[in-house]
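Below you'll find only one chain, the form predicted on its own, shown as structure tokens.
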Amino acid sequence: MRISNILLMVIFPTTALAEWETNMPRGVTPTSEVAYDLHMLIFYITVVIGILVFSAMLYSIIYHRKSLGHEPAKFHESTKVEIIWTVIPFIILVGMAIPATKALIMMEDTRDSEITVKVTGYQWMWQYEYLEDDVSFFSKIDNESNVARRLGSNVDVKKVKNYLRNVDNAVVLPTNTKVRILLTANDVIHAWWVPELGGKKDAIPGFVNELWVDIKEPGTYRGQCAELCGKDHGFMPIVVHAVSKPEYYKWVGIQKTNKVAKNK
């Protein structure tokens, strides 16, 4: 590690952590934000507990050591102490369980969604079906990355834009719209995961899982299959383009026009 990086960590620890991306992303959906806030709440609770416990340990080790003449306390049991160390952890756990339960209930509530997208995992690609608009397409790793990943391709992958994280057909979703996503699979278990959108759900053959997203910021968000699904598991990226509602409906119209033209 370079000396400059070490100094950066000492002087600006928050900046260093952000550069290293050691924390989970806050995300751009209500579910990802509540997951991040809950994560940080539990983190700070554990930090406080850790500081108190280790401070007590260090104080006892330093000031109650045998070399200072201290003798160990002799007692068999204490009902008061046992009640205290039972009640306090119970209160802490309940305090953590309440916001966690609220977050889980909110994450599972797919009611009042405006758009439903069915996602089907295949070895090794995704199929997206917009149920209200009768739009369907497959999405797989883009050709440039697919060629570069092969042994003997002699392609410098550093020069391939978004290597292994790009697709031929991206998912397009509108911003500020509750979108219900149904997940299933055609062959083996897959998992649809885009970190900035929050949540990760398995796509299981013969079973339908669901999650929802409400993207607040336009942009491109990348993810991948997060369940080991075979030899090309690492080459199953996900790309979501979040656009405004007018742009989204314009895109839907283009897809329908292209579908009609292909059927002629």
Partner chain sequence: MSTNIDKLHDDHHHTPSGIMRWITTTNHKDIGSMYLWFSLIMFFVGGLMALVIRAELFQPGLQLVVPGFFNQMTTMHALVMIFGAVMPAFVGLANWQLPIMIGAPDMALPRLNNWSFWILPFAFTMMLSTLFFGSGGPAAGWTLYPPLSLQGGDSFPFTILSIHMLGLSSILGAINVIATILNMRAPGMTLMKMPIFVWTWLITAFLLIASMPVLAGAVTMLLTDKFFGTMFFTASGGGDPAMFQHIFWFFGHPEVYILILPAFGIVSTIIPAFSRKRLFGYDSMVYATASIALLSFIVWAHHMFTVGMPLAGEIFFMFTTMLIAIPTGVKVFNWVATMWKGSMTFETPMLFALAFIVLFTIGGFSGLMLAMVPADFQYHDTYFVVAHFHYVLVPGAVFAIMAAVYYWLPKWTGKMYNEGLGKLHFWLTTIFVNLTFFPMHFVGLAGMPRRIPDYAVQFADFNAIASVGAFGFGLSQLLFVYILFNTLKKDVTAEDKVWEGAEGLEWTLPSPPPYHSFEEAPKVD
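We call the rigid core the largest set of C-alpha positions that still match within 1.5 Å between the two forms. Source: prediction; values computed, not measured. Positions refer to the first chain, counted from 1.
Same protein, other form: the form predicted together with the partner chain, not shown, and the subject of what follows.
Taking non-hydrogen atoms only, residue 111 never approaches the partner chain to within 4.5 angstroms in the predicted bound form. In the predicted bound form, at least one heavy atom of residue 24 sits within 4.5 Å of the partner chain. Contact between residue 237 and the partner chain in the predicted bound form is not found at the 4.5 Å heavy atom cutoff. Of the heavy atoms in residue 195, some are within 4.5 Å of the partner chain in the predicted bound form. Using a 4.5 angstroms heavy atom cutoff to the partner chain in the predicted bound form, none of 178, 216 and 260 count as contacting.
A heavy atom within 4.5 Å of the partner chain in the predicted bound form is found for exactly one of 187, 168, 144, 133: 187.
If you take 85 to 115 and check each residue for a heavy atom within 4.5 Å of the partner chain in the predicted bound form, you get 85, 86, 89, 90, 93, 96, 97, 100, 101, 103, 104, 105, 107, 108, in sequence order. Residue displacement note: residue 64 has its CA displaced by at least 2 Å between the shown form and the other one (rigid core superposed). Put the two forms on the same core and the Cα of residue 157 is off by 2 Å or more between the shown form and the other one.
Residue displacement note: residue 80 has its CA displaced by at least 2 Å between the shown form and the other one (rigid core superposed).
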